[in-house]
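What follows is a single chain, given as structure tokens, in the form predicted on its own.
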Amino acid sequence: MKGKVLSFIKYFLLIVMSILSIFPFVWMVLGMTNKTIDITAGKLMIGDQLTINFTNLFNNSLNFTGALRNSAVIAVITTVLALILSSMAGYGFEIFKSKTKDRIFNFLLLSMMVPFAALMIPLYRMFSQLNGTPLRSIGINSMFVVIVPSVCTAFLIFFFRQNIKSFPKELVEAARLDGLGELAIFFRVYLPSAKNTYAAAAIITFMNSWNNYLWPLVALQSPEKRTVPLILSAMGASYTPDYGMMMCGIVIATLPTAAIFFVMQKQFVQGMIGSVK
């Protein structure tokens, strides 16, 4: 009897927490079908304004379509480059051990304690000085000014190094005996066996890049370069915000990250616990 009571309490609490967790998403989906006045009044019924809200979202002067394109380009390029460079760095730190590399890695870990807000001014000064040089394509107000700082992070290097610890080092030695170079070993031996690790890192990197707000707000100064978080912020900053239109934008902005997570959630869990198959 006691076991049944405890089981009932456990499942009851899980149901309550699930409802509380999913309620904001339900309210968001219902809000995209209603007028602003209905949303502010707390209406939790399906309305008839869905088409109007979507029309307003894509036909206003904020250029939401362009922001979606900018966010997608930045997130995809950042994810691909981050996976390649960070995994190679983590692989190098673990496979080629030395006291010097360990000191560098420890210093790299210390950089994780520095908040990004403290780095914004140095980053802005550094990238702004590139605008008058041949490297102006990665200067301020370019897409690459958002991509470059996120390509190789201390967290991703640490993440890959920790996962590589469980990689059989005998495979590396065997590949070397067969005459493979270090790059060939990385791409032909290690990379195919670490799909779960790459999947977990891809989800984390894509979500961080897609939802990045602070640095793009500072570095992207032209309206046509703005990303989705900046557009959504601009919608809410108006004197009379259209909450129905905002809800449509938020739902659309949520779909890519949600879809990637649900498609790759199994690999994400396995990658986070360090499984390498």
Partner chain sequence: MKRLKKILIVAGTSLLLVMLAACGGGSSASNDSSGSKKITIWAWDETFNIKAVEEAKKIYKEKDKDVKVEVVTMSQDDIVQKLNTSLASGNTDGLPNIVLIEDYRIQGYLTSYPDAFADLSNIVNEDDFSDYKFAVNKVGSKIYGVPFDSGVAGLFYRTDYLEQAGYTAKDLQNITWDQYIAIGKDVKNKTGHALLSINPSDLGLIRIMMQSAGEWYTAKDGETVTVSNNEALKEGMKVFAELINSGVATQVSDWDGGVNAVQSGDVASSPTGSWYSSTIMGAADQSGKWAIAPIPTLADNSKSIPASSIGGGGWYVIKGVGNTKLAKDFLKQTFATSSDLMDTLANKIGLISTLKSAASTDAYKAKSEFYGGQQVFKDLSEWSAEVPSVNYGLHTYAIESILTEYAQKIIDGADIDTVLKDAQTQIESSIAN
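Positions refer to the first chain, counted from 1. Every value quoted in this text rests on a predicted model; they were computed, and no experiment measured them.
One more form of this protein exists, namely the form predicted together with its partner chain; it is left out here, but the text below deals with it.
For Tyr243, a non-hydrogen atom is located within 4.5 Å of its partner chain in the model of the complex, even though that partner is not displayed. Among heavy atoms of Thr55, none comes within 4.5 Å of its partner chain in the model of the complex. Among residues of the shown chain, Ser222 is one whose heavy atoms approach its partner chain to within 4.5 Å in the model of the complex.
At least one heavy atom of Ser61 is located within 4.5 Å of its partner chain in the model of the complex. Along 170-204, these residues reach a heavy atom to within 4.5 Å of its partner chain in the model of the complex: Phe187, Arg188, Leu191, Pro192, Lys195.
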